[in-house]
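One chain comes next, on its own, written as C-alpha coordinates: the form predicted on its own.
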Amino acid sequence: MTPFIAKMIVIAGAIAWFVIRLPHQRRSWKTKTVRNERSARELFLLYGCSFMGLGIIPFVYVATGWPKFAERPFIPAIAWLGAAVFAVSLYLFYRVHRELGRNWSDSLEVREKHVLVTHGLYAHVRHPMYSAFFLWALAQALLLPNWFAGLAGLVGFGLLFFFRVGHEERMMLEAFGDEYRAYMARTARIIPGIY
(Lines give C-alpha, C1' and ligand atoms only; values in the text may rest on other atoms or scores of the structure.)
Protein backbone atom coordinates (compact mmCIF):
# COMPACT_ATOMS: atom_id res chain seq x y z
CA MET A 1 0.00 0.00 0.00
CA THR A 2 1.25 3.46 -0.93
CA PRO A 3 -0.13 6.91 -0.04
CA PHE A 4 -1.35 7.29 -3.64
CA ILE A 5 -3.25 3.99 -3.55
CA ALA A 6 -4.75 4.91 -0.17
CA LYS A 7 -5.98 8.21 -1.61
CA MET A 8 -7.45 6.42 -4.64
CA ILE A 9 -9.31 4.05 -2.31
CA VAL A 10 -10.90 7.08 -0.62
CA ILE A 11 -11.99 8.47 -4.00
CA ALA A 12 -13.17 5.07 -5.32
CA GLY A 13 -15.11 4.49 -2.10
CA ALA A 14 -16.86 7.85 -2.37
CA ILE A 15 -17.81 7.05 -5.99
CA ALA A 16 -19.10 3.62 -4.90
CA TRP A 17 -21.27 5.29 -2.23
CA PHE A 18 -22.73 7.57 -4.89
CA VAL A 19 -23.42 4.63 -7.24
CA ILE A 20 -25.06 2.61 -4.45
CA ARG A 21 -27.22 5.51 -3.34
CA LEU A 22 -28.30 6.93 -6.72
CA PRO A 23 -31.16 4.50 -7.54
CA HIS A 24 -32.50 4.82 -4.00
CA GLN A 25 -32.28 8.61 -4.18
CA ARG A 26 -34.25 8.61 -7.43
CA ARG A 27 -36.91 6.33 -5.95
CA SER A 28 -37.01 8.49 -2.83
CA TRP A 29 -37.84 11.58 -4.89
CA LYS A 30 -40.86 9.72 -6.32
CA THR A 31 -42.22 8.62 -2.93
CA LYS A 32 -44.60 11.07 -1.28
CA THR A 33 -43.50 12.57 2.04
CA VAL A 34 -46.09 13.00 4.80
CA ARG A 35 -43.74 14.71 7.27
CA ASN A 36 -40.62 16.69 6.45
CA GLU A 37 -38.27 18.18 9.03
CA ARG A 38 -35.72 19.52 6.52
CA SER A 39 -34.83 22.75 8.30
CA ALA A 40 -31.90 25.13 7.81
CA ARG A 41 -30.23 23.38 10.77
CA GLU A 42 -30.72 19.99 9.11
CA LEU A 43 -29.27 21.25 5.82
CA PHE A 44 -26.26 22.74 7.64
CA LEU A 45 -25.60 19.43 9.42
CA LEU A 46 -26.03 17.46 6.21
CA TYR A 47 -23.97 19.64 3.89
CA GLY A 48 -21.95 22.02 6.06
CA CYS A 49 -20.72 19.29 8.40
CA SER A 50 -21.11 15.76 7.03
CA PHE A 51 -20.57 16.42 3.31
CA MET A 52 -17.74 18.80 4.08
CA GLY A 53 -15.97 16.26 6.31
CA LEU A 54 -16.56 13.17 4.18
CA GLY A 55 -16.44 14.81 0.75
CA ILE A 56 -14.96 18.26 0.25
CA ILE A 57 -12.06 18.24 2.74
CA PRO A 58 -10.71 14.78 1.80
CA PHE A 59 -11.11 15.58 -1.92
CA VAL A 60 -9.15 18.83 -1.52
CA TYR A 61 -6.44 16.91 0.36
CA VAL A 62 -6.25 14.16 -2.27
CA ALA A 63 -6.13 16.71 -5.11
CA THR A 64 -3.74 19.25 -3.57
CA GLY A 65 -2.07 17.80 -0.47
CA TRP A 66 -3.48 20.67 1.61
CA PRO A 67 -3.06 21.16 4.52
CA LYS A 68 0.61 20.15 4.58
CA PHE A 69 1.10 21.18 8.22
CA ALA A 70 -1.19 18.33 9.33
CA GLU A 71 0.72 15.50 7.63
CA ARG A 72 1.46 12.39 9.64
CA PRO A 73 3.65 9.41 8.76
CA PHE A 74 2.02 6.98 6.34
CA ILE A 75 1.84 3.45 7.75
CA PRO A 76 0.85 0.84 5.13
CA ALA A 77 -0.65 -1.59 7.68
CA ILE A 78 -2.98 1.14 8.97
CA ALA A 79 -3.99 1.99 5.40
CA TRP A 80 -4.76 -1.70 4.68
CA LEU A 81 -6.97 -1.72 7.78
CA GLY A 82 -8.64 1.43 6.43
CA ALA A 83 -9.32 -0.30 3.10
CA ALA A 84 -10.93 -3.24 4.93
CA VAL A 85 -13.06 -0.90 7.07
CA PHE A 86 -14.15 0.96 3.93
CA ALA A 87 -15.20 -2.33 2.30
CA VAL A 88 -17.33 -3.18 5.35
CA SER A 89 -18.89 0.29 5.31
CA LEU A 90 -19.83 -0.10 1.63
CA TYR A 91 -21.40 -3.48 2.32
CA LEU A 92 -23.44 -2.06 5.20
CA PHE A 93 -24.44 0.94 3.10
CA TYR A 94 -25.70 -1.35 0.33
CA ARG A 95 -27.60 -3.61 2.76
CA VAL A 96 -29.23 -0.69 4.59
CA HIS A 97 -30.60 0.79 1.38
CA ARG A 98 -31.96 -2.60 0.29
CA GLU A 99 -33.59 -3.22 3.67
CA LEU A 100 -35.16 0.23 3.95
CA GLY A 101 -36.54 0.31 0.42
CA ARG A 102 -39.05 3.14 -0.04
CA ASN A 103 -38.73 4.14 3.62
CA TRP A 104 -35.26 5.61 3.03
CA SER A 105 -34.61 9.34 2.99
CA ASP A 106 -31.42 11.37 3.24
CA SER A 107 -33.13 13.76 5.62
CA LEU A 108 -35.64 13.74 8.47
CA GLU A 109 -38.77 12.60 6.66
CA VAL A 110 -41.62 10.17 7.10
CA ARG A 111 -42.83 8.64 3.84
CA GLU A 112 -46.33 7.76 2.72
CA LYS A 113 -47.04 4.17 3.83
CA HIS A 114 -43.88 4.31 5.95
CA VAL A 115 -43.24 1.06 7.81
CA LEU A 116 -40.93 0.42 10.74
CA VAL A 117 -38.13 -1.80 9.45
CA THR A 118 -36.91 -4.17 12.17
CA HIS A 119 -35.40 -7.06 10.19
CA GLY A 120 -31.88 -7.69 8.89
CA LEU A 121 -29.39 -5.16 10.19
CA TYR A 122 -32.26 -3.32 11.86
CA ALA A 123 -32.84 -6.28 14.18
CA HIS A 124 -29.56 -5.34 15.89
CA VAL A 125 -29.27 -1.55 15.61
CA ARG A 126 -31.77 1.24 14.96
CA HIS A 127 -29.46 3.26 12.72
CA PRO A 128 -27.18 1.00 10.66
CA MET A 129 -26.92 3.76 8.04
CA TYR A 130 -25.15 5.87 10.64
CA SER A 131 -22.98 2.87 11.52
CA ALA A 132 -21.94 2.67 7.86
CA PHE A 133 -21.13 6.38 7.76
CA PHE A 134 -19.04 6.16 10.94
CA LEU A 135 -17.12 3.26 9.40
CA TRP A 136 -16.52 5.37 6.26
CA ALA A 137 -15.23 8.19 8.47
CA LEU A 138 -12.98 5.77 10.37
CA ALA A 139 -11.66 4.37 7.07
CA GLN A 140 -10.90 7.91 5.90
CA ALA A 141 -8.92 8.55 9.11
CA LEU A 142 -6.94 5.34 8.58
CA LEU A 143 -6.31 5.87 4.85
CA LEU A 144 -5.36 9.56 4.71
CA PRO A 145 -2.03 10.40 6.39
CA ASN A 146 -3.20 13.86 7.39
CA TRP A 147 -4.65 14.71 10.79
CA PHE A 148 -6.99 17.38 9.39
CA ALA A 149 -8.28 15.61 6.27
CA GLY A 150 -8.25 12.18 7.88
CA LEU A 151 -10.27 13.17 10.93
CA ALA A 152 -12.61 15.59 9.08
CA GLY A 153 -15.10 12.81 8.39
CA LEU A 154 -15.33 11.72 12.02
CA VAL A 155 -15.84 15.31 13.14
CA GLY A 156 -18.23 16.31 10.33
CA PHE A 157 -20.38 13.20 10.42
CA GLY A 158 -20.15 13.03 14.22
CA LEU A 159 -21.71 16.49 14.44
CA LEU A 160 -24.55 15.47 12.13
CA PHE A 161 -25.17 12.28 14.09
CA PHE A 162 -25.16 13.75 17.59
CA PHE A 163 -27.32 16.74 16.66
CA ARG A 164 -29.75 14.71 14.52
CA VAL A 165 -30.30 11.26 16.05
CA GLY A 166 -32.42 12.41 18.99
CA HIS A 167 -34.69 14.42 16.70
CA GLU A 168 -34.99 11.46 14.32
CA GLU A 169 -35.93 9.11 17.15
CA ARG A 170 -38.57 11.54 18.41
CA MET A 171 -40.07 11.58 14.90
CA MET A 172 -40.15 7.77 14.87
CA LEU A 173 -41.80 7.72 18.31
CA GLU A 174 -44.48 10.11 17.04
CA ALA A 175 -45.00 8.02 13.89
CA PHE A 176 -44.90 4.53 15.46
CA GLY A 177 -45.54 5.07 19.19
CA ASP A 178 -45.28 1.98 21.40
CA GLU A 179 -44.00 -0.14 18.53
CA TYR A 180 -40.94 2.11 18.27
CA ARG A 181 -40.56 2.27 22.09
CA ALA A 182 -40.40 -1.54 22.19
CA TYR A 183 -37.96 -1.52 19.26
CA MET A 184 -35.72 0.99 21.10
CA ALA A 185 -35.75 -1.21 24.21
CA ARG A 186 -34.35 -4.21 22.32
CA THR A 187 -31.81 -2.52 20.02
CA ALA A 188 -28.77 -0.27 20.27
CA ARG A 189 -28.40 2.92 18.26
CA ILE A 190 -25.38 2.12 16.09
CA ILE A 191 -23.14 -0.53 17.77
CA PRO A 192 -24.87 -3.84 18.63
CA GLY A 193 -25.00 -4.41 22.38
CA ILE A 194 -22.95 -1.28 23.16
CA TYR A 195 -24.54 1.98 22.01
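Owing to the predicted nature of the structure, the values given are computational and were not obtained by experimental measurement. Counting begins at 1, following the sequence as shown.
Although it is not shown, the form predicted together with a small molecule is what the next lines describe.
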Stretch in contact in the predicted bound form with the small molecule, which is absent here, among 46-54, 165-173, 145-153, 60-68 (heavy atoms within 4.5 Å): 165-173
Proximity to the small molecule in the predicted bound form, single hit among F74, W104, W80, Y94 (heavy atom within 4.5 Å): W104
Distance check, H114 to the small molecule in the predicted bound form, heavy atom within 4.5 Å: yes
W17 within 4.5 Å of the small molecule in the predicted bound form, heavy atoms: no
4.5 Å heavy atom contact, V88 and the small molecule in the predicted bound form: no
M129, heavy atom within 4.5 angstroms of the small molecule in the predicted bound form: yes
